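Quick setup: the structure tokens below cover two forms of a single protein chain, split into structure 1 and structure 2.
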Structure 1
Amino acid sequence: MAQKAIREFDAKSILAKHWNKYFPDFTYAYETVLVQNGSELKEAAKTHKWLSEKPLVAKPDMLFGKRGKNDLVLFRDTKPGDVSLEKAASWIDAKSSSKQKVYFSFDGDTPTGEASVDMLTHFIVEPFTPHTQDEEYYISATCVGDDDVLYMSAEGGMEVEEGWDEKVTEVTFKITDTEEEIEAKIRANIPADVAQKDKEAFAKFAVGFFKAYRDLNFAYLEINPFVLQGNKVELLDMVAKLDDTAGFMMVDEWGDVEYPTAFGMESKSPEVEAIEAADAKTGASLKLTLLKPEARIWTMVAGGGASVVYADTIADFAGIEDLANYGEYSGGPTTGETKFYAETILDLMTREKDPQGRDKIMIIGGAIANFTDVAKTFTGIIQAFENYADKMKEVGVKIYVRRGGPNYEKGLKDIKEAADRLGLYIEVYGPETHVTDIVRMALEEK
């Protein structure tokens, strides 16, 4: 996946790191810390003097917005702007001690949809910045279709979100636009409502913002709102995604950036993390998503396209209730990589029996490979069978194989022989059988 959300703290850190390059006419204090609990915050105060000197604002930094409406922004104790270090620390401890409900969408102030419930683990703490509503502005940029689009508004905060169509000016840029063209387009489109005294500053800031978005390979970048006070800028709230495929070029530019799991999404299981780590190390592709680990149908499918077709077909035949995982391996993984991948899945699927006492189903599918050596990858799967045969028999696993491509005859023969030898139930098919037909066969059998 190419576009990954990052924390507000990291987004600010990246901008701060390159501040003088993109915003030479502005100052930004970069007074911000990321902490997981109250004592970390107090520890941070030893090196960040402003934490004990200024009134503070604290809020969770976990990729979700609408924090104000969820009452998760601490900016007042008894009155706005009186939050002390002590208060912020105790508030963070309180909020992180038990699961919290968060709504992602609102109609006015009324939440809509289901709340997500999860622990709050990361908080961003900054100085409270007194300012007036008319000093707040909005700016964001992202890629739409083949073009980049810059969104600007003279109004920041809730106002812009609720009156998007009337209040936002859009400017579209071709990927080939030069710096001069970009600057000219932005200057020609500064929202009319921007205060006259701020127009020039707004334009300069917007140009720098867009260049930073482009040069630093952000996939999405939003500041809502930012506050302009002369040449002083405050970034009150930021949302950002990076194009992580650019990571190899951006090692220094991005620094130590983290891609957290979104709030409410179950945090990744150690198995999924292990597969991700293996994937990062190989030129091949290894992907695993757990959908419903207690379900009975498990897939181990080769190829990004074929894996989707199998998932579609399982959903069509059995519904998603029975589908435990989604994943794929492709790009010619080694025998060892395939073994590791297969063992991870076998381990997960043999932990519990099906509550209804049915056999579990393992779909080892794939299209006709272009260059992956089928026998070689199957050798890895066979080695995994050898280690998990007892567990598989205990839980009850039926295996359905369909595959074609280089050396497939040997691969199919080997896996059949191995399963028979180990006493595992297996059915094996080659390219003469329609790619997803094994799903039908597996599910028709009762």
Structure 2
Amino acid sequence: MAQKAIREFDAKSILAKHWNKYFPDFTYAYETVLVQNGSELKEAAKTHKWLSEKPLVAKPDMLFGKRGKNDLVLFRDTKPGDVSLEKAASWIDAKSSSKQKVYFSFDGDTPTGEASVDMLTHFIVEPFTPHTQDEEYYISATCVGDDDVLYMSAEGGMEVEEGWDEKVTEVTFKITDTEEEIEAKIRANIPADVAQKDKEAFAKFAVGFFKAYRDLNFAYLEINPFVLQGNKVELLDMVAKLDDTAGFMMVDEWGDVEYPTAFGMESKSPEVEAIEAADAKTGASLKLTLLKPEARIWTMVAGGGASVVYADTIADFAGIEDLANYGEYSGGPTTGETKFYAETILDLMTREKDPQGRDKIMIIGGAIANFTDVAKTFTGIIQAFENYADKMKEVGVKIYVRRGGPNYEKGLKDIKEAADRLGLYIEVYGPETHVTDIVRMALEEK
């Protein structure tokens, strides 16, 4: 399972879209907007009238927690008077105008460890929900090994992590558990200190929550806290990760979801984002991490396990500083998907020559495929070669191939003939050659 964090705004939007299916006994207003500055918030008020009519809450939506303890939540209880549209817009502009310090761990209210420093660029704004602390509850679900685990607590808010073992009830589910078994387990484990008046509502909400977590392919889903007021539910804070390997079949269910870079982390390159977008739309696997784009050794490896082996072998022979990228294509990608993946790598690889004047190395490796048609994926790589041959020759590229699996003989023959025709240096090997021998061949002194 590949877990990717999403914004609180997107998590709430996904649940709201499917609310009636999973929570038919409850109402949820779903009044929320995502903005980058005060002007955007004021513009949003033209179509979302509640922004001008209700007291508001504003906070960053950038994949980090402890926002309250970092004094990054604007709401009525912490500032004199209700938060108006004008006040929220001014606060957002002030917080986004300069870099902010964010601490991720606290001892009580005292920050511990080093702070991350970055710009705040996205904010979620919602109506303020008047409620008492007794109406706040906690719920989350995630995958642990082969099981799913549901966590429930009668205490929500920032302090739920303190005394977790005493406050939180854990319920484990097998993948084979039926809906009836799941509901029975949840009802049997409702925390004892949930208010008596809320016990039935809590149980119904927890059953719907867990079903939504599974059906909508969340890898992690947390609401802390949610407020129960009769049949009305408010989702005050959410944290969510999606299983992005399911993205290709969840397009309608998730909508236009974004996988942002977390606060304090280096932004992804457009090429990496493009590969991630392609990966989300296919049942195959397309992964790319840029390590050092100016380095001379580039890989296009079939298989996640093989990608680790090749990276380790390259590091042993040449040092990690010479490795430009890390990634893999696997799971039976189409010719078109492989072509796009190969062209992305070749475009990055051929932007500049090696600073030391050496040939650049392209490693096209992999173990012996079980079901991926090697000839079909190599057709995509050949098409990419045809588009980038001139650039490859200009910067100086040597290609080393080792592959096995269905139709590998045809794939190896085709890629060798194409490279020869295009005037590209290539060495081609099949499964008779050890899986990483091409690394030694490419990098040893000749």
Partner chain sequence: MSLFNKNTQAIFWNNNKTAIQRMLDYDYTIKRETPSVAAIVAPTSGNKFEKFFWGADEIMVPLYKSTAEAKAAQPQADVLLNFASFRTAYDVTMEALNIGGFSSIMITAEGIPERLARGMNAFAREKNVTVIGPATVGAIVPGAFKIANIGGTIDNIINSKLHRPGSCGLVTRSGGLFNELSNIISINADGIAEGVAIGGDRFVGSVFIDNLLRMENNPNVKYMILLGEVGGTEEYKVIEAVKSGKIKKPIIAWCIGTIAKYYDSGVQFGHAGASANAETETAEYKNKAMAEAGIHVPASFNDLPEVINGVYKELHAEGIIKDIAEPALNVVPKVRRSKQFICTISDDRGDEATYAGFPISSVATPDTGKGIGDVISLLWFKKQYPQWATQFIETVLKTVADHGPAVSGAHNAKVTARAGKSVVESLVTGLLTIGPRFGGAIDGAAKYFKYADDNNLDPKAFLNYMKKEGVPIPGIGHRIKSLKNPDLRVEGLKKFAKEYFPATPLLDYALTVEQLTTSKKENLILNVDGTIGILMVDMWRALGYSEDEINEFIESGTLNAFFIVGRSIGFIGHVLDEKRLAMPMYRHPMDDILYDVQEAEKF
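Reference numbering: structure 1, starting with residue 1. Predicted, not measured: the structure shown is a model, and the values here were computed from it. Take the two forms, find the largest set of C-alpha atoms that superpose within 1.5 Å, and that set is the rigid core.
Please let me know, 1 or 2, which structure is the form predicted alone? Of the two, structure 2 is the form predicted alone.
Can a Cα shift of no less than 2 Å be assigned to L41 between the two structures, given superposition on the rigid core? After core superposition, the displacement of the L41 C-alpha between the two structures stays below 2 Å, so no.
Once the two forms are fit on the core, has Y103 moved its CA by at least 2 Å between the two structures? No, its C-alpha moves less than 2 Å.
Given a superposition on the rigid core, I'd like a yes or no on whether L63 shifts its C-alpha by 2 Å or more between the two structures. No, the C-alpha moves less than 2 Å.
Give the C-alpha shift of G327 between the two structures, in Å, after superposing the two forms on their rigid core. The alpha-carbon displacement, core-superposed, is 5.7 Å.
So if we fit the rigid core, how much does the CA of T289 shift between the two structures, in Å? Spelling it out: core superposed, C-alpha of T289 shifted, distance 4.0 Å.
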